[in-house]
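Let's start with one chain on its own, the form predicted on its own, as structure tokens.
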Amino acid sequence: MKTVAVTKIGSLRDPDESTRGRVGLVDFPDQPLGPEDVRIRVAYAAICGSDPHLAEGFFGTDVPIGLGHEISGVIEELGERANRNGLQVGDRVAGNFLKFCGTCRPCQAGAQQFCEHIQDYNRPGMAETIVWHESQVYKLPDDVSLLKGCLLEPTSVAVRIADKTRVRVGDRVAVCGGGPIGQLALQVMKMYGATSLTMIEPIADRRDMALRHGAEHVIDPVAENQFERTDEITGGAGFDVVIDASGSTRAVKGLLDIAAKGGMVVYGAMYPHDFEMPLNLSDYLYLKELTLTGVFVSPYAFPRALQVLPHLDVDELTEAVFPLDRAEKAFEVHVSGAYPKVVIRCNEIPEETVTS
């Protein structure tokens, strides 16, 4: 089975070809189908900002490392007991790349994100097919295409970020980072009734994209003083909710200064494992009483993400599509930043030929 995988550990952005990481196609064995499993012929797999981190060895260095967790496709085979949710062969689906066991202490305590068996079904989705447990699989609404459907997982992250913000109607909200998660979070915050909705992003095209999709203001953190601009936008009060979706170590500390007293700051990206951010407890936690939190994965978010997805405008996130055999080129384009999102077409599946 053709699968996109890391074949050499190293940064995909390394200018030195001799030490640069590599991504390519590898033949992996077909995954076995258990009695509660679903085999999906993958239509699309989107590249996540975390995928290059796997090439850097963030989760281990034994290559090849299969890639891909933002997928959509069509069910082509069901295990003998994999129909309790009404799934059928031919259904157009997407899903959660993680299976929560439901029986360990964290799962039973309402904290699925810390499931002790979370890696059991974490299988590469940039492949011809993938086998997931039925609990991971969601049938796409009729009005959501397979191409749009591969964004269910990043939409779930935006929903999970919203959960962590505890946002209220009328809260002033800033989002730092105009990549896919930042853009999706912006649209979700708009749905929540956010005001003074602001995108902080150094790339002009991504600021413009945010304005097209609900931002009232944008800040260029390179050319502008974001603290002065925050005062202008919020009347000196600061933002009630600040979301980081950039993962930038240069950006994260400054977000504490634009948060309102008693505000919430959500670090909703993936950061270098050895990065440590200085924090003055007196200034930020005592005098300002900020609440700081993060986001790991998306427990309890997928059913609501499925409800939200038809209402999101994601066309600009699905413009760059490469066939499976050009996966290496797709990753080159991804790390170049030429597009906010790059998608790999794993199989040609005409929408009109599938059951919906």
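Values in this document were obtained by computation on a predicted structure and should not be read as measured data. One-based numbering along the sequence shown.
Quick note: we don't show the form predicted together with another copy of the chain, though the next part is all about it.
Here the marked residues Arg39, Pro141 and Phe322 all miss another copy of the chain in the predicted complex; none has a heavy atom within 4.5 angstroms.
Taking Asn225, Gln119, Gln88, Ser282 one by one, only a single residue has any non-hydrogen atom within 4.5 Å of another copy of the chain in the predicted complex, and it is Ser282. Put simply, of Leu147, Val218, Val131, Val252 only one has a heavy atom within 4.5 Å of another copy of the chain in the predicted complex, and it is Val252. Mapping the unseen interface onto this chain, Gly294 counts among the residues with a heavy atom inside 4.5 Å of another copy of the chain in the predicted complex. The closest heavy atom approach of Ala109 to another copy of the chain in the predicted complex falls within 4.5 Å.
Using a 4.5 Å cutoff between non-hydrogen atoms, Arg304 counts as a contact of another copy of the chain in the predicted complex. Taking the partner from elsewhere, Lys288 is found to have a heavy atom lying within 4.5 Å of another copy of the chain in the predicted complex. Comment: 262 to 270 is the region of 262 to 270, 67 to 75, 202 to 210, 177 to 185 lying near another copy of the chain in the predicted complex, near meaning a non-hydrogen atom within 4.5 Å. Contacts between 150 to 164 and another copy of the chain, taken as any heavy atom within 4.5 Å in the predicted complex, involve Val159, Arg160, Ala162, Asp163, Lys164.
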